[in-house]
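Before any questions on how it binds or moves, here is one chain, the form predicted alone, in structure tokens.
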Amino acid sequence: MIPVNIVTGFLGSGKTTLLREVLGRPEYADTAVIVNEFGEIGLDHFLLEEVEEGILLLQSGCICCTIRSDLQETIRSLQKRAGDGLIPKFRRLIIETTGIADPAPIVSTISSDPLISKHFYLANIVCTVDGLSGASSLASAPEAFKQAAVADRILVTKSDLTEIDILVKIEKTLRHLNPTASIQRSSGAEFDTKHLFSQDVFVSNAEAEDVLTKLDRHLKGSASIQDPLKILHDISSFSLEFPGSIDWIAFGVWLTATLHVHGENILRVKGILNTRESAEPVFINGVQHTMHPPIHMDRWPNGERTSRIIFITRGIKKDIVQRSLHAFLSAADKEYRQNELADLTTFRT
């Protein structure tokens, strides 16, 4: 299976600068990169040869191509050409979105297209936020706000050109918006690409533990703080806790039904569950309608066997989600207790 990293970020936020560095590094020699336009990247000094129209082989060994008729066709074409030996095989795929794109449909494509999901899986979503103009973009462009809301890694760029108090303010906004995302600064050179691209957040126990550390911090700290930009865009970030074990099937049915009806406005879901069906904690992670396979973790990170879930939503408040989920789990608990009682009665008879 080939991991896929999505690089998103608003116009001029530094996606191209980040990709240019990745394309020049030898450790990414086995990477294929899908970009919007070759001209934006400026590949002349990287270029080794043009394999065919729209596909370039770079000196680092990277393959770089532009989107053809659509993303599905582009990914399938790359996979087929690599399989046929027409281009070098690759072990990682990076997809750059346009500056105003919503990354969620790309997540859905990778996860739901049967031919693509057979060979590829989502590794993480990286979002660049301009240190100089990011505050303005986040305030005026819902697209920029959503890109940051669904990200797993946020890179605040141009930190060398931005006053420290502005950087702190942007990072504070981003933490309130997306409490479990990892946030770093960049001056535009020597990116921490290992942190950005190497750890796959949807399959890694270590990443799950890191997310839960941030989730606990959110529960104990700034959960009740409302950021003006979140109010402006009608975005909520909230956490729910459930002591004791819960019914995995009931939770799955509730989440499936909720995402079916409201998935467009449930931007992210992450959490750890204490289920009756598993002794180990179960880590869940989803983007809008797309939920990724749960991770059965090795152990409880801090020994606290409490289910904790964080939601980032648009136009959906905490009390509505909390009331709905509580009602569903309470009904499942009641049925569970009745079944237990019936089993005991049968045994005594």
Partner chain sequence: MCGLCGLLGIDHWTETSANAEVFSGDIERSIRHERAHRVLLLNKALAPVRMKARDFQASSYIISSSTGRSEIVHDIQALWLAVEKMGSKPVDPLSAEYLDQLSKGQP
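As the structure is a computational prediction, the values presented were derived from the model and not from experiment. Positions refer to the first chain, counted from 1.
This protein has a second form, the form predicted together with its partner chain, left out of what is shown; the following refers to that one.
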Self-check item: Touches its partner chain in the model of the complex: residue 321 (any heavy atom, 4.5 Å)
Solution: yes
Quiz prompt | 4.5 angstroms heavy atom contact with its partner chain in the model of the complex for residue 88 | solution = no
Quiz item: Though only this chain appears here, would residue 258 touch its partner chain in the model of the complex if you measure heavy atom gaps against 4.5 Å?
Solution: yes
Quiz item: For residue 247, is any heavy atom within 4.5 Å of its partner chain in the model of the complex, or not?
Solution: yes
Exercise. Report the stretch among 122-130, 151-159, 260-268, 175-183 that approaches its partner chain in the model of the complex to within 4.5 Å, counting heavy atoms only.
Key: 260-268
Exercise. Answer with one of 243, 105, 252, 188: the residue that has a non-hydrogen atom within 4.5 Å of its partner chain in the model of the complex.
Key: 252
Quiz item: Counting only heavy atoms and a 4.5 Å cut-off, does its partner chain in the model of the complex sit next to every one of 1, 19 and 78?
Solution: no
